[in-house]
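The chain below stands alone, shown as structure tokens; this is the form predicted alone.
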Amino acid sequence: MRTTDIAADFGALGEEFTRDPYPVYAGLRARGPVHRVRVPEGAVGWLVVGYEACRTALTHPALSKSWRDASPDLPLTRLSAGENLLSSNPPDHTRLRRLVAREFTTRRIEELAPRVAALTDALLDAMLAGADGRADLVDALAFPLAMGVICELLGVPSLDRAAFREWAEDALSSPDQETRAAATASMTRYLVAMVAEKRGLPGEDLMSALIRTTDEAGDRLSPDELIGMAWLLLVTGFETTVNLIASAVLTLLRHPEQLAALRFDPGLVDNAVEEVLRYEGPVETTTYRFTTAPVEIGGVTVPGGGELVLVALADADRDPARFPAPQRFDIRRPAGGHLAFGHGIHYCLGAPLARRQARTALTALLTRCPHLALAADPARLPWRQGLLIRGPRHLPLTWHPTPAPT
């Protein structure tokens, strides 16, 4: 491969690719595991496809998450504020994860379970009270549930959710660099004020705990690291969950035999969530990595010097070399092995919370809406732009039985 070859220009592929990127990734995978591509923001980098190649890239020591290692020639806007787990390498990453893991515990997440259930029921009460029996699931349930839970976890009930939702979507999905930069700057200003307020009025929430926490040696998170963790937990904490819930409902509705199986046996819900994560996960490609030395994957050498590398999680989880009949959505498929939440030291810290919310939302929705149906042509649904977050922007539903045709 010549380094000047561009195998795909993702900014030029249009809505069809946004709705269904899998054939494009599969075509690239058939040609090899690593390809030079142009991302929607205009930068040229390298895309890794295929399950084994992606697992290799996710743990490769010469692929850095730090923006300090990015080539200055890359026309890219940083995707986050402050120092956080997604923009650091060991030993900094090891230190940050140790400090955060002291407070972001399984017990804390499990203690949220009753609130997740109560909030889900309250949102469904409001949705089902609609006179016309129709609603946008993203606006009525997925977004307010995910945002409500993460705000409760962090102890920030006064968050301006409408503004934050717009900033997050622009920062993560807009192909326009100026829009992304402006949204990131707005979020950063907001988070600085939020952390300052939480310092003055601490509680028993995770944000207060992160401000207080120290390790045995007296180490603690710096102000910049607190901003970074707030950004990470708020933005990625709700974005992935919103899109997991929306994609789960859409995928089940597009596979009625699987929906019927889940209704017949609600005990399949855990497996159903895992199959959605594999088949239609909320993260299409990883956040940026940058080469600190030449990297060889599958016989292709990516140069060092801060080259951009993306890992296509969406393609890894549909690789027939790992998953038999990967294009078939099957909630009875043996769970596990997918890369939807990453792999290695950067495996998503919030994965258990996202799973909890998806299971709760699916169970409650299917129990309370026996006649759930799409209220729009699935081929015309708008999807999130960009290569990072994947999911429908809106999901119109109806839940009243429709009269039989005469």
Ligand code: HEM
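Only a predicted model underlies this, so the values are computations on that prediction, with no experimental measurement involved. A residue's number is simply how far along the shown sequence it sits, counting from 1.
Separately, the form predicted together with the ligand exists; it is not shown, and the next lines address it.
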| query | finding |
| --- | --- |
| Listed residue that, although the ligand is not shown, lies within 4.5 Å of it in the model of the complex (heavy atoms), from F104, Y279, F323, F143 | F104 |
| Answer option from L210, M187, L86, A135, heavy atom within 4.5 Å of the ligand in the model of the complex | L86 |
| Region of this chain that lies against the ligand in the model of the complex, out of 219 to 227, 93 to 101, 260 to 268, 169 to 177 [heavy atom, 4.5 Å] | 93 to 101 |
| Check all three, A246, G391 and L397, heavy atom within 4.5 Å of the ligand in the model of the complex | no |
| Interface membership of L191, the ligand in the model of the complex, 4.5 Å heavy atom rule | no |
| 4.5 angstroms heavy atom contact with the ligand in the model of the complex for R356 | no |
| G342 within 4.5 Å of the ligand in the model of the complex, heavy atoms | yes |
| Distance check, H60 to the ligand in the model of the complex, heavy atom within 4.5 Å | no |
| Heavy atom within 4.5 Å of the ligand in the model of the complex - qualifying residues of 281 to 320 | P282, V283, T286, T287, R289, L313 |
